[in-house]
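Taking the form predicted alone, here's one chain by itself in structure tokens.
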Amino acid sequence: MDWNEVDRYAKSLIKEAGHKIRLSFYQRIQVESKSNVNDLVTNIDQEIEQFFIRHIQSVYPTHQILGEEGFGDQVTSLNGVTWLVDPIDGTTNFVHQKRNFAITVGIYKDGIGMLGYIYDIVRDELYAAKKGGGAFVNDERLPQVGESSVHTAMIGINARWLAPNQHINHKKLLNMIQECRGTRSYGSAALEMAYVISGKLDAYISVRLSPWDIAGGMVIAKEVGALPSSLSGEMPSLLTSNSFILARPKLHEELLSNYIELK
């Protein structure tokens, strides 16, 4: 497998898909709900995923494709090469704001992340990494993330997890937000991962994410020294949904030890 060739092809698909999404701003978008009224999907999500699948299969017919909208393969194993594709991560932002959403793609070989991408379409910022080759945004190399403590940290977290819920001890999270420098919520897991990777955030926490949300970002994060895990400290599965944290190394340990308690 020539991973440089795969990298070039993946980037070309992502940029072309981004162009198609920008053009859709001038079209009438069809919006539907999936699991609940807040879980949106549009005809553009579906068309872009089909675009990826059609082109990947034409060049790499032996590769598996796991996509959010379900047009890819029924992936039960990461043996061989698997593409994990989210055509629009942050669909609610896409519908309401026309910003703060991204394409994200992870390409894995036998479960090992080889290539990762997060494309902020509106800002035209492509975060990309190849295993062992460093991480880049628009071909500018990103530095290692360094260290921070909770008292100086900006943390990405959705406010819904700060209210009483069945998944996590919200009182400990309230202690965290009172002690950290600040919190933000952008409505796109991929972008919040990109912001940790590039130093705009120090950590990102979510109680529930899918494999396609995190696959690309995890490849990039490892190249800058940011640590991904579930909220129980294990490596996230790319075959099931997960709780998730991405953070600078010492902060990762501090948050898991002192502020996060799953129910």
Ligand code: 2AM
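Counting begins at 1, following the sequence as shown. All figures in this text were calculated on a predicted structure; none of them were measured in a lab.
Another form exists, predicted together with adenosine-2'-monophosphate (2AM); not displayed. Remarks below refer to it.
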One stretch from 224 to 232, 25 to 33, 59 to 67, 209 to 217 that, in the predicted bound form, holds residues within 4.5 Å of adenosine-2'-monophosphate (2AM) by heavy atom: 209 to 217
Of V105, A189, L173, A128, the one that lies within 4.5 Å of adenosine-2'-monophosphate (2AM) in the predicted bound form (heavy atoms): A189
4.5 angstroms heavy atom contact with adenosine-2'-monophosphate (2AM) in the predicted bound form for G156: no
Interface membership of I118, adenosine-2'-monophosphate (2AM) in the predicted bound form, 4.5 Å heavy atom rule: no
Contact test in the predicted bound form: G113 vs adenosine-2'-monophosphate (2AM), heavy atoms, 4.5 Å: no
Residue contact check: I88 to adenosine-2'-monophosphate (2AM) in the predicted bound form, 4.5 Å heavy atom: yes
